[in-house]
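Form predicted on its own, single chain, as structure tokens, below.
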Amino acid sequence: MLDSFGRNINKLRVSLGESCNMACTYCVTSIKDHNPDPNALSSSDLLKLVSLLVSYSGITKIRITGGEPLLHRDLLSFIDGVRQLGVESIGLTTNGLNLSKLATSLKEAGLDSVNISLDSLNPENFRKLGRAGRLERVLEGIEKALTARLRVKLNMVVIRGANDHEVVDLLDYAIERRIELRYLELMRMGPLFQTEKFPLFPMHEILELIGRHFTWRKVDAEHDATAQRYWVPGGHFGIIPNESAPFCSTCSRLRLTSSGQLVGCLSNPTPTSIQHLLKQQEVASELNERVAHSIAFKEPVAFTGSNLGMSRIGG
């Protein structure tokens, strides 16, 4: 579906729930902030809504998020159901703590790719940033995902004074495994929305650090990609420069919460319910009216910030 700026909204991010086994400092204030939505739909009902969006609203690519989607008991059957819809690709974003035991099953269910959060290679710093979890479990999950032949990308949120000294270490780790690493600039969301001390480590400083150790050059990326992409000897990396070079003007994403609410924009997270369509026979016209209403909230150029916690909507 095209929005008022002519952007083709064809990517859907589906949040299976808000539960998470980590509490990253840029996401929530504590692990107690992860509260399950009392209005969450069953996985079968959520799959029906995804099916409607694929059938009538031009959705062709699905990304499964949370919270932490690997905690959801019906994850594998949900992926299998999405695969039956004939979409172009199915991805999943995870903290990786439970990935080692699920990687093979995820691939068999129909998952194509996995994006894994990895903010530090130092066990103590990993624990400090995430407030829970063990680094070794994530690293094991990465290896199992590669063995299962899932396409793997790593996401590192770079925070000044916290992990910026590990920018090159993470790139070395990724290149050695032929994985693409993406550096994320902090977003003014949740606990960081109105903070006076916003520890942004911007794109030009990331490139400066990398340039001390690698020769790099910018390469092409998909027209609606959030990341600017770069070549280095042995591989590629990306930077998602939310603050330095906003990418909202090419945004192609729509979000569906676990309770059946559409969210068209993180800057304006006004929910639009489509849950009631589960009980209707003729849905196409009203569904597309509600999709159009949701994406009308999209910013034309740049993210403006939100007090919405990332774990509630899946990024």
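Every value quoted in this text rests on a predicted model; they were computed, and no experiment measured them. Each residue number is its position in the shown sequence, starting from 1.
Missing here is the form predicted together with a small molecule; even so, the following discussion is about that form.
- Message: Counting only non-hydrogen atoms and a 4.5 Å threshold, tell me whether C27, E68 and V157 all contact the small molecule in the model of the complex.
- Response: Every residue of the spot touches the small molecule in the model of the complex.
- Query: Among the candidate residues E185, E205, E180, D112, which is the single one with a non-hydrogen atom no more than 4.5 Å from the small molecule in the model of the complex?
  - Reply: Only one option qualifies, and that one is E185.
- Specify the contacting stretch among 138-146, 219-227, 188-196, 103-111, defined as having any heavy atom within 4.5 Å of the small molecule in the model of the complex. Careful reading of the contacts points to 188-196.
- Query: Can T93 be called a contact residue for the small molecule in the model of the complex at 4.5 Å between heavy atoms?
  - Reply: Yes, T93 sits close enough to the small molecule in the model of the complex that at least one of its heavy atoms falls within 4.5 Å.
- Query: Even though the small molecule is not shown here, does C20 get within 4.5 Å of it in the model of the complex, heavy atoms only?
  - Reply: Yes.
- Spell out, yes or no, whether the shortest heavy atom distance between S117 and the small molecule in the model of the complex is within 4.5 Å. The answer is yes: S117 has a heavy atom within 4.5 Å of the small molecule.
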